[in-house]
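One chain comes next, on its own, written as structure tokens: the form predicted alone.
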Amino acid sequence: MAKQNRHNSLERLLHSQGFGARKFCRTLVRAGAVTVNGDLCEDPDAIFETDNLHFVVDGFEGVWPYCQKAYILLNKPVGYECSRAPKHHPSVLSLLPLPLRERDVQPVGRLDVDTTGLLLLTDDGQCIHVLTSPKHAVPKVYRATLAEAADPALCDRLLAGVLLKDEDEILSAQACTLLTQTLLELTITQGKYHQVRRMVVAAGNHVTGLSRVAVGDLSLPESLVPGEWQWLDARSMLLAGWAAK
């Protein structure tokens, strides 16, 4: 693994963070459009250490921390596809600002267009591999609104395992709780197509609404409204074994 370069010119740093081509970043700096750690800098060749570095750039809302790799938590709303090439609905990437799209942040796995909730996005290929690889069995927690009132027997069937149509293996929930007669919380470690909806059908009910509320140790913050996103701490991702070193 290549060692991270912790010192670089402002022009190169801005380019690495998705603010545009190096020539454009150089122009931004010379135009007085960039502050670094609160101080205006008009020298694109000025050298900065990347630890605790942050930018404010005219035309790009907010304060931007320097991130070797970007880790984003998005509260996905209904009506968006988890794809860089959507077919019928807008991409979830359209909910992110341009610098994140420019650095090729991608969804980690997929939520279907009608499913809401916690979606991770990153430009860290190792993180994507760990979180989506079946061998790592990262737990994912969903809350499903049921079409019909259920009793604990539904959880028993999901925990024991059900056979889905067109599948050869029985799939079981890692955990299952009936929060109300029509609200089910289900934890799975697999990632089959429409798995939660299909499991509930196989167990004798139907899902009318579905939201993912947790992935591993990450939970969807109650304060994060649908369509909004927030940065995730890179150190936490590294300690969890998800991020590239």
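Numbering starts at 1 and follows the sequence shown. Quick caveat: nothing in here was measured; it's all calculated off a predicted structure.
Below, we turn to the form predicted in complex with uracil, even though it does not appear here.
No residue of the trio 17, 96 and 101 has any heavy atom within 4.5 Å of uracil in the predicted complex. With uracil left out of view, the stretch that reaches within 4.5 Å of it through heavy atoms in the predicted complex is, among 63 to 71, 172 to 180, 25 to 33, 192 to 200, 192 to 200. Among the residues 121, 131, 111, 154, the one placing a heavy atom within 4.5 Å of uracil in the predicted complex is 111. Looking at residue 215, you'd find every heavy atom of it more than 4.5 angstroms from uracil in the predicted complex.
Although the partner is absent here, residue 80 lies well away from uracil in the predicted complex, with no heavy atom inside 4.5 Å. Put simply, residue 57 is far from uracil in the predicted complex: not one heavy atom of it is within 4.5 Å. Within 4.5 Å of some heavy atom of uracil in the predicted complex lies at least one heavy atom of residue 115.
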